[in-house]
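The chain below stands alone and is given as structure tokens, in the form predicted alone.
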Amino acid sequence: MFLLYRLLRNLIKALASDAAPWQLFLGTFLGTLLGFLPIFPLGYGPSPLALILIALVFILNVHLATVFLFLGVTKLLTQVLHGPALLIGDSLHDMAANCADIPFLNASLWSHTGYLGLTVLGFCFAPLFAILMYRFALYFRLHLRDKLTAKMKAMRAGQIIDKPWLVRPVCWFFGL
């Protein structure tokens, strides 16, 4: 729980920092995909597709706290969506049979209908989460950050502002 709190706080600090919104976008996108993919399933070895995505995380210089936060959140989400993923994978049984003939996709476990269904869900959720994160980052930077910074400066200068008991923890949490 403490680790999730620290990752969330680092993410919010990233919103307030100089990290570019595209870094947050790609971090969210890749973290969501990694959360839905099997990275190192027991008995199978590492997934080549997941290893390529991990290499992209480091090559593209995305925000790592965003990647780890969305990886963790979507790993928990996969436990909830396991039933629908099996239904999606069963409906794509022919594709799973074709993926069994391609060594790269077979090693990425796309020949298993459950993992194929989770991967399809990951490819559906990743753009959605990434776009929402991008929009939230822009909204925070354009509207909220300046207001919070101004209130914190006024508090430090000794001016009286409304609800100082709320402004101080919020500024601490956002890293301002």
Partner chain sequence: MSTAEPIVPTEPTAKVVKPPGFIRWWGFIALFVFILLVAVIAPLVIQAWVKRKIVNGLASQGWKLADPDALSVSVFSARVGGEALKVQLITTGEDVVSMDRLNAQLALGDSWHLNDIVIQELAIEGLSGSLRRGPDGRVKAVEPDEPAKPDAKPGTPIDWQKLYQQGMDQYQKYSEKKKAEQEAAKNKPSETTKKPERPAPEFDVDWPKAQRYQPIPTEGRHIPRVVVRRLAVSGKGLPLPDESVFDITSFALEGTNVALRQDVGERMTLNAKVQTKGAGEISLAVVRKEDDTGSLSFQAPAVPLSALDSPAIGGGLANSGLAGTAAVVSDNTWTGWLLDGDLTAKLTGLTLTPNANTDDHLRQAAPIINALKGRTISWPVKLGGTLVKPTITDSGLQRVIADNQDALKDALKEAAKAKLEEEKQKALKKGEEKLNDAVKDQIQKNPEAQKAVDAGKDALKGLFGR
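Numbering follows the first chain given and starts at 1. Treat the numbers as computed from the prediction; the structure is a model and nothing was measured.
From this point on, the text means the form predicted together with the partner chain, which you will not see here.
A.B. asks: Would you check, heavy atoms only and a 4.5 Å threshold, whether L64 touches the partner chain in the predicted complex?
C.D. replies: Yes, L64 is a contact residue.
A.B. asks: Though only this chain appears here, would K75 touch the partner chain in the predicted complex if you measure heavy atom gaps against 4.5 Å?
C.D. replies: No - in the predicted complex, heavy atoms of K75 and the partner chain never come within 4.5 Å of each other.
A.B. asks: I88: heavy atom within 4.5 Å of the partner chain in the predicted complex?
C.D. replies: So I88 does not count as contacting the partner chain.
A.B. asks: Any of the heavy atoms of F125 lying within 4.5 Å of the partner chain in the predicted complex?
C.D. replies: Close contact is absent here: in the predicted complex, F125 is far from the partner chain, nothing within 4.5 Å, heavy atoms only.
A.B. asks: Enumerate the residues of 123 to 147 that have a non-hydrogen atom within 4.5 Å of the partner chain in the predicted complex, in sequence order, or give none.
C.D. replies: Contacts from 123 to 147: Y134, R135, L138, R141, L142, R145, D146.
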